[in-house]
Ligand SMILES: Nc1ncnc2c1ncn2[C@@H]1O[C@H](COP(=O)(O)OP(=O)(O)OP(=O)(O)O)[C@@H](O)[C@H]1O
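Let's start with one chain on its own, the form predicted alone, as structure tokens.
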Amino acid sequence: MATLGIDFGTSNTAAGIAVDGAPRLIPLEAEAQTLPTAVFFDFEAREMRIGAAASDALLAGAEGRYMRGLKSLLGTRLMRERRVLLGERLDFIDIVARFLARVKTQAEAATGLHFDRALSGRPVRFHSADDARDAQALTDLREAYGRAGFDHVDFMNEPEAAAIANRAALRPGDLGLVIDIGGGTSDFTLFRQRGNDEIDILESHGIRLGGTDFDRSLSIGRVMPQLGMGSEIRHAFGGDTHIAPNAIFNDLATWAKIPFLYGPETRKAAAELHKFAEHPKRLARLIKVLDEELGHDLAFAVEAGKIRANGAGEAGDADPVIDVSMLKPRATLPLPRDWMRKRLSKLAVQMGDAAEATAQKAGLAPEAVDRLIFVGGSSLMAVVEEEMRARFPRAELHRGAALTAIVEGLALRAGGDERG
């Protein structure tokens, strides 16, 4: 029986196996080591596209339904709601399962092996504030692996897998803290290097907060006001006004909720807001976004602007912007680096609190940590590094394979389990 290590992430997915005691990552799309966790139901071709092909179809204007951030739906009621897609009634467990089945098929084609077992990464907490929902998320994901064709699946905390992959970064006796800032969660593992190629896991902790929350905050702060968020709306009778309800704008700024906004009820609500708006031009943009299904285009633009602003000082991009030309030709919104860091600082503080709590749960002071190991795409954000440096002033920083450390650890553990 062959076991496939799978890092099914909010933003990206990767798969790997162990070969001669070393991790081997399996290309899942061309030669790329990671695959965007995205699907596109192409209404014209009558097929489901995944990964970069899904995003390409969306940006090319193909008619269909795009979905990203599916991992964030695990444990919610939405996972088991059925909807008609390409003539089938599917729930979101089916959709995740079909994505995972493609990963399985591609891995088998690339390796010549048959994978009937999976070792899957999981956040320490899918839902940090709700135990029942957290347990349901694991149930949902386990069921998705079963529907994808795996006979058995085991799970491993993602930061613990990253610790295995990065154990060589520590000296014998050193105390390391994995800081895994993913798309939907922030996870932390405190571990000690034994000195014999083994580690001791001392504590793991996690919260439901990640890179997509950065995107959401920036979108709400910069883009949504241009669509009418915060606008004054006149009462239908009388001269009083009220502020436009936030619900539509909050959902439009949230990757996983965008596909649910294109129904008639949302469009009707937007039309009502536009009818009585003090600034109708802004609400007209909201109607345009809903009618032309531009929500994901905006989300991609915010994400791209965030990346440019994060690297502004080093890359020489002195005036980073969010490209909103889909709303108006050549239109941009400024995204100053200092404004972005200030905007995201509250989220970074929450991540810092959780990292520090990991050490406290183990009965250790932050000063005891020797090495901070950053993994996950959003760990590359400067605001995260600054917060963690302040919390753990004595620790050295280590950046290994930020996007692949988890799957490398899963591959090593899966290979070790098979040898055992």
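All values derive from a computational prediction rather than experimental measurement. Sequential numbering from 1, following the sequence displayed.
The next section is about a form of this same protein that is not shown, the form predicted in complex with the ligand.
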Residue (of E303, D134, D154, E143) lying close to the ligand in the model of the complex, criterion heavy atoms within 4.5 Å: E303
Heavy atom within 4.5 Å of the ligand in the model of the complex - residue from N310, Q193, S231, S120: N310
The ligand in the model of the complex: contacting segment from 161-169, 88-96, 182-190, 104-112, heavy atom within 4.5 Å: 182-190
In the model of the complex, M381 touching the ligand (heavy atom, 4.5 Å): yes
Contact label in the model of the complex: P366 to the ligand, heavy atom within 4.5 Å: no
P27, heavy atom within 4.5 angstroms of the ligand in the model of the complex: no
Any non-hydrogen atom of G9 within 4.5 angstroms of the ligand in the model of the complex: yes
The ligand in the model of the complex - contacting residues of 60-96, heavy atom within 4.5 Å: K71
